[in-house]
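Two forms of a single protein chain come next, each set out by itself as structure tokens; they are called structure 1 and structure 2.
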Structure 1
Amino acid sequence: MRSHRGYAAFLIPGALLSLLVIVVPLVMNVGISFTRWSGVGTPEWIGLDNYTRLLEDDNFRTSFRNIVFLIVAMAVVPTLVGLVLAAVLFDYVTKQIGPRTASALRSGFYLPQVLPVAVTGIVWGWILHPSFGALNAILTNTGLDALAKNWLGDPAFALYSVMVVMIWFQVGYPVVMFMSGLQRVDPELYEAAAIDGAGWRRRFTSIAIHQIKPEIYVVLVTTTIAALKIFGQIFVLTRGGPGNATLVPAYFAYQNFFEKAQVGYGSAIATVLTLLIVVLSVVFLRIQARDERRDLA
């Protein structure tokens, strides 16, 4: 076959661009992570010192502990809630009430997803503001002053407040993905199960969940990666504070790059984060490939 000759030339602009914007900076970043550098002058080679320092840095450990909480808020809870909502909307609302109601409700859940992350921060920063925020004003007006809190400024509540904001932001994405996945489920399978006496719950757990497994994987992986990368909402809502109560790796790296001029240390944080994301993606691609092979067999 002569077919693939001559196509390589089309790859040149894209390959050059990726080399310039992605490969070279990524390699530089790893290189810088083995140095002490303020961003000016010559970087000083210090080997693995930045990495050993990371292991003992309380801020670094806290930032990853916080990420675990944010994975719960951005990946786990939205997936579980999304499964229930998608199932109810698809299997019950569409059939018993009507497809238009179902799609209107779906759009409602999805709406927060269209906002720029910085804007979600602004909206919630105001609602949760201790003195002029809407939430405390509502609590005070309804006589529940005792419940009014400094939601983002009190270390005891800040992370949980951010988690609630992130659940609100994320929940529409799995709903949309799962509803579109459920459309692939063969209605005859459902009917056969119904004739066999399987209740709604059985049908959902034994047929639907199995059929939309690809969507569940995609949602879990993309939202987990999004949680690992979170920056915008943290920057606008809390700047990682109070103290390090809501510190996340991306913001911690940013601080070291642009506020503390510890570029080598910031690069080490970014490198660890990158490794984590790459490993997660590769594991996911493997699982996906294995499942596809099994389905073909």
Structure 2
Amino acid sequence: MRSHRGYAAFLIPGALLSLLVIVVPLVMNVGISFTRWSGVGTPEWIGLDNYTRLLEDDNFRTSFRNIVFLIVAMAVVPTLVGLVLAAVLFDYVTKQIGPRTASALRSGFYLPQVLPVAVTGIVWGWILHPSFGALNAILTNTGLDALAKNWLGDPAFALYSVMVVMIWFQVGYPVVMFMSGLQRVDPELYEAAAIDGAGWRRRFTSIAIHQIKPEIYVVLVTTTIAALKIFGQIFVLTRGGPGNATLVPAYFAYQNFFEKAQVGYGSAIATVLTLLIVVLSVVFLRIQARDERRDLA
């Protein structure tokens, strides 16, 4: 026990940073959520009025309805597509074409993750522009001009357009994670299954997916949290519009913080969002722990 005490000193800087950057702002945000405050002057204590107001706010409900669609676009679809792409790169491209090609393709899929959000948002804004956008130009030049739309300006298509952009943005992360997980699967398991007559699909679903469950849980947790917190892409692409078609909780909180100077109400939105993220994280972790115990039993 005494030999480990010396390591405590190395934890102090990280603990202090976490306290200053995470804990203190979080506690302050929760406290402000019980007040009416414009950001200047003295906050006025109003108790649970901001939270009562949230329950009656159509915009708040709309933002959480939209976030369900974005969870599908940023967590569910990229996880499924990432599994397929990782399997193709690992089992086919690596073996038939070469590991360098597989690495190059993996890097290409992951590239959107390292590009600045502002850059990707501006580029996609150009692509989806109704007048001079590349997508509508391609549709028009190929005789499909009837399909050309105001992709980000029409409430009927704006959210789905953002979902497509987020699938493109997010899919590289699961590919990298799953390819890393597939590398630790024992090849002898595949060989034994092949001897027993199992095809590639059966080997993938019964062996590979089972072996990379930890990576799947990590991807689902992190991408779901990222979807709940999404702000930058919405800010650059649509600013929550048209109307409230792409409004999300993080941007709704931003509007109340900075555009409407309703800091107390914005803090209440942020507090509810934080609580939801914590609850979902705990649920995911408990499901993962339960599955691991069942596998060990």
Partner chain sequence: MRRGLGLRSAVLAVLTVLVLLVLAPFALVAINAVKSPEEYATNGPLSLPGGLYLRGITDFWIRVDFGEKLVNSFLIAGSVAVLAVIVSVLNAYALGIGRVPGRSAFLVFFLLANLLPQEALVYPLYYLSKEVGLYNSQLALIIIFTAIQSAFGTYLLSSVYAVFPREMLEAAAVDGAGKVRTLWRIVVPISWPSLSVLFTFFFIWTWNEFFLPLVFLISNDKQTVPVALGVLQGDRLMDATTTSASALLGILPAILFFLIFQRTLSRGIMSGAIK
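When a residue number appears, read it as a position in the sequence of structure 1, where counting begins at 1. Predicted model, so just to flag it, every value in this text is computed and none were measured. Between two forms, the rigid core is defined as the largest C-alpha subset superposing within 1.5 Å.
In this comparison the chain labelled structure 2 is the form predicted alone, and the other chain is not. Pro155 is not among the residues whose C-alpha shifts by 2 Å or more between structure 1 and structure 2 once the rigid core is aligned; its shift stays under 2 Å. Annotation: Cα of Gly98 displaced by at least 2 Å between structure 1 and structure 2, core superposition. Shown in the overlay between structure 1 and structure 2, fitted on the rigid core, is a CA shift at Ser18 of 2 Å or greater. After superposition on the rigid core, the Cα atom of Ser281 is displaced by 2.4 Å between structure 1 and structure 2.
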